[in-house]
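Single chain ahead, by itself, as structure tokens, in the form predicted alone.
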Amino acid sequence: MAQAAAGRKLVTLIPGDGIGPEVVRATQAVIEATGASIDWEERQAGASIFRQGLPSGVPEDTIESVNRTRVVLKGPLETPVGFGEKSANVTLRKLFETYANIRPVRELPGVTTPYSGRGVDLVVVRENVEDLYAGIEYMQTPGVAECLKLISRKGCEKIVRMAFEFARSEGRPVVHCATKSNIMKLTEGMLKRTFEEIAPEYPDVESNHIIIDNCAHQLVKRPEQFDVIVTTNMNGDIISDLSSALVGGLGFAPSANIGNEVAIFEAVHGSAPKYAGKNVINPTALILTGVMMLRYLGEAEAADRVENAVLVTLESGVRTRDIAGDRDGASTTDYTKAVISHLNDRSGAWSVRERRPLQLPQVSAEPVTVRPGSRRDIGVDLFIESDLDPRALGKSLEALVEGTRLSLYGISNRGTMVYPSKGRSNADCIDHWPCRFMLRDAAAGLTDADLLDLLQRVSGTHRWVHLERLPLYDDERGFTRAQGED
């Protein structure tokens, strides 16, 4: 990380959109009041940059600053919903490979919820750069959209090791791995298998797997049972917001995006433009995010002082309008002043967890981390756009590949086998047909010549939109069957 004058640490400060500048200035004021050795380099990203016509929402001078400082404190950034360009938040996370999103959730004094008194204190460790959030999407037909769910062994190892290392750093005894591997056996299953391979390296931490929907159920039913939950990107986005609601909402939800080279600290909440400039917003989430940043920078004493000051402030009854209501709620600036006034105080009833420095996991920088002993392709799924019914399409394809090394094994539609249907399918079909062709002699292995021949034969009659090889790795299938496929 870059050093400012006299050995001080330099942090890139992005005020953000909407309420962002207000919560950022509040956090900045609290951190500066501790005397922590930090200087700021302010840069822009988000809505103002989108309006300038830059599709990423992140200008070059901001990227250059982050490359130099290696640490970012940022306010929320606006992102177009359902149209327009990609999220500037996601762009920043992916550009700097901040692969771990860490979101602590803790019951706080003076913030009454249905779970008050139950000791909710957990952390969601969310994989942050792959899964569906890689944002690789295509319109395969005019009425069928595709999003690729990419889960890598390398990405899973990094996030699993981060979860265990974070548990160790905070003295947390249990890590749960939450997946949907009962349905998505290859993608979500990759995280489960990696978790189970790595867990024995951390014998001091108990490890458990849980299905993600049961995890959500248990978070509502008995959240105090959890310490650390590690999960995939989309699952983590959902359950971390759910978890925040258990302790008072997004106004109390800090987060850190951590990679091996760069860390980006931001509150979970959005830019809430309708409250911008009204001096009513709750800055607690970003102040607690600042606590996480201070610990990352080695400013442990300052971090403890700020966390204690927040606890004492809430315990004393000073709360913003989202908790206390419009009449009794403190303004953003008054709440910030109250936190600063308690920087030398400690709560008698609410303690700060003892921590030790987080050890970042070390994973090979090589792009390939899984090398099978053997591999061969035994067929191909060719995705076809057609308005034919499944029987007519099937008969056509069978005729087209007659006499070749490939035969039509079956056709599916939205994941269900529809040809040959054997009288079992009542699927409401669309114009998007994954057609599975298998080698008549699988021992020989599929060749590029087989694929080119297939495409030439099919393309004269049908529009194909996508293909996937059907591999065997060490004689294990690297593909799934459709529902109803034998």
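Since this is a predicted model, take the numbers as computed values, not measurements. Residue indices: 1-based, along the sequence shown.
In what follows, reference is made to the form predicted together with a small molecule, a form of this protein that is not presented.
Is residue 275 near the small molecule? Define near as a heavy atom within 4.5 Å, in the model of the complex. Result yes; residue 275 sits at the interface with the small molecule in the model of the complex.
So, in the model of the complex, is residue 281 in contact with the small molecule at a 4.5 angstroms heavy atom limit? Yes, residue 281 lies within 4.5 Å of the small molecule in the model of the complex.
Residue 77: touches the small molecule in the model of the complex, heavy atom cutoff 4.5 angstroms: Yes.
Hey, in the model of the complex, does residue 165 get a heavy atom within 4.5 angstroms of the small molecule? Answer no; every heavy atom of residue 165 is more than 4.5 Å from the small molecule in the model of the complex.
So if I measure heavy atom distances to the small molecule in the model of the complex, which of the stretches 288 to 296, 109 to 117, 263 to 271, 176 to 184 falls within 4.5 Å? Checking each option against the 4.5 Å cut-off leaves 263 to 271.
Let me know the one among 250, 216, 246, 324 whose heavy atoms come within 4.5 Å of the small molecule in the model of the complex, would you? Looking at the other structure, the residue within range turns out to be 250.
Quick one: from 158, 305, 93, 319, grab the residue that has a heavy atom within 4.5 Å of the small molecule in the model of the complex. Among 158, 305, 93, 319, a heavy atom within 4.5 Å of the small molecule in the model of the complex occurs only for 93.
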